[in-house]
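Only one chain comes next, encoded as structure tokens, the form predicted on its own.
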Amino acid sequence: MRRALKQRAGRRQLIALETDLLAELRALRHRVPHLAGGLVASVDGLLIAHDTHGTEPTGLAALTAAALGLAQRLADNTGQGDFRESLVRGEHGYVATYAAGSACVLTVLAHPDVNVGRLHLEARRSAERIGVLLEDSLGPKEVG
């Protein structure tokens, strides 16, 4: 009986966490004009929450993990320290990834006419809030 109650409480906690994460993703999209969507994923590519339209979120989470591995190695091998963020500019827009706590990342998609400075400012703030939400809800060891 206790186990079932704990499992229910755990599910409720995860639903509340997902609701909070989606609210943060939507608020970010509201604050940054020309932002197409975003997702939160663990550093190993597990999709946690997403607000993407027209992009397959599970695949994007996996690609984010692969790119993150390269970005982490690049930062480390050049003496730049721990990974904080990366930005990819393509012909049709941007893909930006930001560290969100110790075990997760925020990845956002933006149209080519986005104000990149505003994107960085707002996404960094959101990534920090997302990291706090994740660690408060799940604890630092359970996030990844």
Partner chain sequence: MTDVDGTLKAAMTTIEGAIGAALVDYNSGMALGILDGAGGLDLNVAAAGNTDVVRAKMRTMDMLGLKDGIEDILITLSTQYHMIRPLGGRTGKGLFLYLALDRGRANLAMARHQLTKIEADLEI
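Residue numbers count along the first chain shown, from 1. Given the structure is predicted, the values throughout are model-derived calculations rather than measurements.
Just so you know, the form predicted together with the partner chain exists too; it's not on screen, but the next bit is about it.
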Exactly one of Val114, Leu46, Val95, Ala75 comes within 4.5 Å of the partner chain in the predicted complex through a heavy atom, and that residue is Val114
Contact with the partner chain in the predicted complex, heavy atom within 4.5 Å, among Ile15, Val132, Leu121, Ala23 goes to Leu121
Interface stretch in the predicted complex with the partner chain - options 52-60, 36-44, 106-114, 76-84, non-hydrogen atom within 4.5 Å:
106-114
